[in-house]
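As a starting point, one isolated chain is supplied in C-alpha cells, in the form predicted on its own.
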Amino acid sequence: MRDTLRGLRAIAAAAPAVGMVTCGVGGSSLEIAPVDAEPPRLEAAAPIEGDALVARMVPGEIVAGFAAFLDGIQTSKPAAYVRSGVPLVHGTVAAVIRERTARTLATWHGAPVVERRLYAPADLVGAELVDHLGAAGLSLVDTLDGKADTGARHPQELLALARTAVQRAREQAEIKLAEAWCLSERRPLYIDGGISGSGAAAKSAYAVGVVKSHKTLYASSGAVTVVTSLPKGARTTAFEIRSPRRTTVASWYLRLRDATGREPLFGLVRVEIASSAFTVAHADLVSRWILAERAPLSLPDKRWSTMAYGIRDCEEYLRAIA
C-alpha cells in the first residue's frame, strides 16, 4: 500500500490535470464498512439421498482425514480519488494451502498466491491517468470489465464495484490453488467455502468445501425445521445444488456443536463435494473428518463454532505475510 501511494503521489505531482488526491495509509478497510446485503432466502434443492430432507446421526468413529486446508483473504482500501469522486482502490488478495504432517501445518509448494493491484473504472479515470499508472508500473484492474461508461457514478457505488472485483480476484486465487492440489495430489483437501465455482476442483473426489454462512438455506419451507433443529453430530440427507453458471455439486448440512440455548444456525456448516463422488458411505466419512476438526478450538476468532483450526491457521499465516 505504501509503495502504491508513493507512486500515486508522484503521478499527482507530475500530472495535476488528472485531478487526483491520494488517501492516507490509515484509511478504513472496505471489508469492515457496512454494505447493503441481499436478503436471506430459502431455495429448494433436489434430494439425492431419499425422497425428502431428513436428519440422521453420523455413524462411525470420528477420525482426522484431511491432509491440507485452503483459504484466502482480501483487503481493499481507497488509495486516491480522481475527477467526480472516482476512487482508485488498492486491493490485496492472498490464498494458501497449509499441509498437515504429524499434527504440524506447513505451506504447501506452489503457495501462497499474493497479488496487489489497483482497482478502478478505467473509462471514468481517463486514458491519461491509465497511461501514467502503466508507466509507473502500477497494475490497474478495470472494475467495469472494459465497458464504456463516461457518465457520473456515485462514489460509494464505485467502491462497491471495486470491492466485488477484489473478491473475484481472491476467489480466482483460491481456485488456482485448489485446482493445482487436485491435479497433483490424491489426498483430501478442506476448502473454506463452496466448491461449485472452483472449476476442475468441483469435479474432484479430493476437494471438500465447507460453507460457514447461510444467507441461502437449501431447504423447502417444510424442511427448514430439519436443518435448524439438527442435533450435534448429525447431518441432513444429501441434495444437489444446480446452477447454470456453476458446477453441480452434492451437499448436506452438518451440526458441529450443540446449539441448545443458542441461535438456530450455531455450529452449522454445509458441506459440498463433487456429485460424482457422492455415496452415502462417503458422505458419512467426510462428515466424520469434518467433525474431527472441531478441536483445537479456533479461539479467539468469533467464528470458532464453525471454523476448523486449519482454516484459522491459513488466515493467520496470510495476514502475517500479506
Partner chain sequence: MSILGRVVATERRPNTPHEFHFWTALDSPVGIGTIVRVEGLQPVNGHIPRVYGVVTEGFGYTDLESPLHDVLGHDGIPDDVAPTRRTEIRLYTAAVLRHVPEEPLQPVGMGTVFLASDEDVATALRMDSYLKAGAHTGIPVGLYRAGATKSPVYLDADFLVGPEAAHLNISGVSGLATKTSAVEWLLASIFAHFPAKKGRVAAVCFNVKGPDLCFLDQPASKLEDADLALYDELGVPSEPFRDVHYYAPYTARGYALNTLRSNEALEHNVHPLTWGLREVLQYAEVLLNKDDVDAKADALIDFITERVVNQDFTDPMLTGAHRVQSFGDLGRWFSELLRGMEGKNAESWRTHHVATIRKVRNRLTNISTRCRGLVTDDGTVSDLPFGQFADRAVYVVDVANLEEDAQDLIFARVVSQLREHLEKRTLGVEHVIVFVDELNKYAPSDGPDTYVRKMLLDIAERGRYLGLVLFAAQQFRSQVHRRVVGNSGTALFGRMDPDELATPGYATLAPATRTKLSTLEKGQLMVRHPHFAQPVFVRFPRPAVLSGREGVERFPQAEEPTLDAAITRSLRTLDRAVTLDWVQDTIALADEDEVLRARNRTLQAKPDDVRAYFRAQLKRRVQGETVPNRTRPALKTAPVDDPYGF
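Positions refer to the first chain, counted from 1. All values reported here derive from a predicted model rather than from experimental measurement.
Form predicted together with its partner chain: not shown, discussed below.
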For this session: Tell me the stretch among 205-213, 184-192, 240-248, 98-106 that has any heavy atom within 4.5 angstroms of its partner chain in the predicted bound form.
Result: 98-106
For this session: Could you check which residue among 17, 21, 13, 299 gets a heavy atom within 4.5 Å of its partner chain in the predicted bound form?
Result: 299
For this session: Work out which of 176, 232, 153, 168 lies within 4.5 Å of its partner chain in the predicted bound form, going by heavy atoms.
Result: 232
Exercise. Does residue 293 reach its partner chain in the predicted bound form, with heavy atoms at most 4.5 Å apart?
Worked result: yes
Exercise. Heavy atoms within 4.5 Å of its partner chain in the predicted bound form: does residue 67 have any?
Worked result: no
Exercise. Judged by heavy atom distances of 4.5 Å or less, which residues of 255-282 approach its partner chain in the predicted bound form?
Worked result: none
